[in-house]
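Single chain ahead, by itself, as structure tokens, in the form predicted on its own.
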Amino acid sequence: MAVAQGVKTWRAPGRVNLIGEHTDYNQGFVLPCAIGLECRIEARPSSSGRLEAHSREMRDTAEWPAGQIPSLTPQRHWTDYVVGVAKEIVALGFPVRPMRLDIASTVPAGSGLSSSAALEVATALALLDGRSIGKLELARLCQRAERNFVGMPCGIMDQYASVFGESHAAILIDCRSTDHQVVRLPDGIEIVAVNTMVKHELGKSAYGQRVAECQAALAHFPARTSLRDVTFEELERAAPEIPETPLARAKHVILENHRVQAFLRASENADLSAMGRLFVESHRSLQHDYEVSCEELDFLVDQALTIDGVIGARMTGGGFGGCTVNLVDSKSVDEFQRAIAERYQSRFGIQPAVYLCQPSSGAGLLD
């Protein structure tokens, strides 16, 4: 097999989800945008016969015989994302060529901004090395890697947003049809993520638990294939038969899908008041019905809503730490960043990281 010549650098962005949390694995609607924080992989052919991966952030290197990729097993290590993608590429009929992958990422791990999806998509592009698959199949390949090898029963949002991201816009994804539409946000607002710098261990097990609880609620609607198809009126009628916890999870998912659609209409009409209200409603639902928030996230949301120029605030991502996402009047961004960091530092003794999230284009080859 001929070895590809030259060094190529591939990039894949992280994402911030504006609204539509924990709806993707329920075949619902989500509204993320790709962001400027990204994973870059410098890939070069190797004569060693091995696949090598070096992470700048982890200060760690691993390597495997390229021909033995199909027999590898999970190690509960950052390299599982690389190996999982490699195995899915082999399953598609593309042999993994011996390569050296030098990985550098500005997407903070554990932040809820999809560092794992950025790594998966950049790895897939590097290993495919120009061998063409469709963009949707690329996103699905990376989702399979995370589900089948890493063991996280995720929906497709993160990988999809990393692949299909658009500059200066969010994308509304229908997670059943896997279609999307480009959504332009009103002028004069900025998207600001604030990182709690904490990630509570409960999040690892609770994600799978929430997936199971949604399925438990769905079991009470045998004519429906997902909670997306259940109306709130149907949920209320069936409520006496559904245990309290699955009922609360279903309530969040059903109403969150409505919030995504309402947010889209509000954005189209530049109705900033409605956009902000929907952000807060989403957070309170995640806090009380889905129970994936935490003290640090709630504090950041509550404090943000008292700062001049803030339109709305909510947690983003899986929860139990990570980031809030804030819609802020462009003229108030500097003051917001100063005030929220000062208050969080005063309360928790932790300096939060604050990111101005510019909607960015999806993954590809850097010139």
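The numbering used is simple: start at 1 and walk along the sequence shown. All values reported here derive from a predicted model rather than from experimental measurement.
Quick note: we don't show the form predicted together with a small molecule, though the next part is all about it.
Asker: Give me the residue from 154, 189, 242, 260 that has a heavy atom within 4.5 Å of the small molecule in the model of the complex.
Answerer: The residue in contact is 154.
Asker: Could you check which residue among 207, 78, 221, 164 gets a heavy atom within 4.5 Å of the small molecule in the model of the complex?
Answerer: Looking at the other structure, the residue within range turns out to be 207.
Asker: Within 4.5 angstroms, counting heavy atoms, which one of the listed stretches 298-306, 314-322, 328-336, 32-40 is next to the small molecule in the model of the complex?
Answerer: The contacting stretch here is 314-322.
Asker: Check residue 25 for me: does it contact the small molecule in the model of the complex (non-hydrogen atoms, 4.5 angstroms)?
Answerer: Residue 25: contacts the small molecule in the model of the complex.
Asker: Is there any non-hydrogen atom of residue 352 lying within 4.5 Å of the small molecule in the model of the complex?
Answerer: No - in the model of the complex, heavy atoms of residue 352 and the small molecule never come within 4.5 Å of each other.
Asker: So in the model of the complex, does any heavy atom of residue 359 sit within 4.5 Å of the small molecule?
Answerer: Flag for residue 359 set to no.
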